[in-house]
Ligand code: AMP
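Starting off, we have a lone chain in the form predicted alone, written out as structure tokens.
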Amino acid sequence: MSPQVSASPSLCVFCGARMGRNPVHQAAARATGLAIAAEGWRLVYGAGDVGLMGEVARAAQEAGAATLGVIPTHLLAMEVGKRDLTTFIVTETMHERKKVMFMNADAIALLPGGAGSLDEFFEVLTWAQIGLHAKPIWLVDVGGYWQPLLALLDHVIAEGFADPSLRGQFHVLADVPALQAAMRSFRA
């Protein structure tokens, strides 16, 4: 499948299909959608209308951003496939979903999420580590959510299972305003 052509840059957002317990995460998801629209970017995401990902998409849509959602057939009901997006793509597998989202993105942002978000993050991180892409990966550490992940990555490096350059494959951003600033810098 070839990438969808977009006149504006596209941000792929990986985040939870649940809201989580901390209301700051829902607020950050909404702020991310609004930032995408404010910067004139297109949202690329997992096409769900639930959890943080639904919050990002609704905010982006309400603010006028173009949206591209990609969802595998087996998650259409569980993640409540959001069919009112600018572009809605249904794939056969999770791997195909990740590939289509990645191909249609200029940069990647990771908001709070669970195993699926971690899977998405580690796939694009691994691809960067082995030189398959140089797209920015922005880890948005809302409320310190990703501190245990960062500690794990530091441990992996300290134990000799990854080169210290691994930490240079992504940028840790404290909040959505920092993400928005990164988007502006990327566009410039």
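Numbers for residues come from their place in the sequence shown, where the first is 1. Every value quoted in this text rests on a predicted model; they were computed, and no experiment measured them.
Just so you know, the form predicted together with the ligand exists too; it's not on screen, but the next bit is about it.
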Fill in the blank from the handout: If we test each of Asp119, Asp154, Asp163, Glu62 for a heavy atom within 4.5 Å of the ligand in the predicted bound form, the one that passes is Asp119
Completion exercise
The listed residue (Met94, Val90, Ala107, Met103) that reaches within 4.5 Å of the ligand in the predicted bound form by any heavy atom is Met94
Practice task
Indicate whether the candidate residues Arg18, Leu75 and Gly114 are all in contact with the ligand in the predicted bound form, with contact defined as any heavy atom within 4.5 Å.
Solution key: yes
Handout entry: Lys82 within 4.5 Å of the ligand in the predicted bound form, heavy atoms
Key = no
Exercise for the section: Give a yes or no for Ala29: in the predicted bound form, does one of its heavy atoms lie within 4.5 Å of a heavy atom belonging to the ligand? Expected result: no
Exercise for the section: Considering only heavy atoms, tell me if Met53 and the ligand come within 4.5 Å of each other in the predicted bound form. Expected result: yes
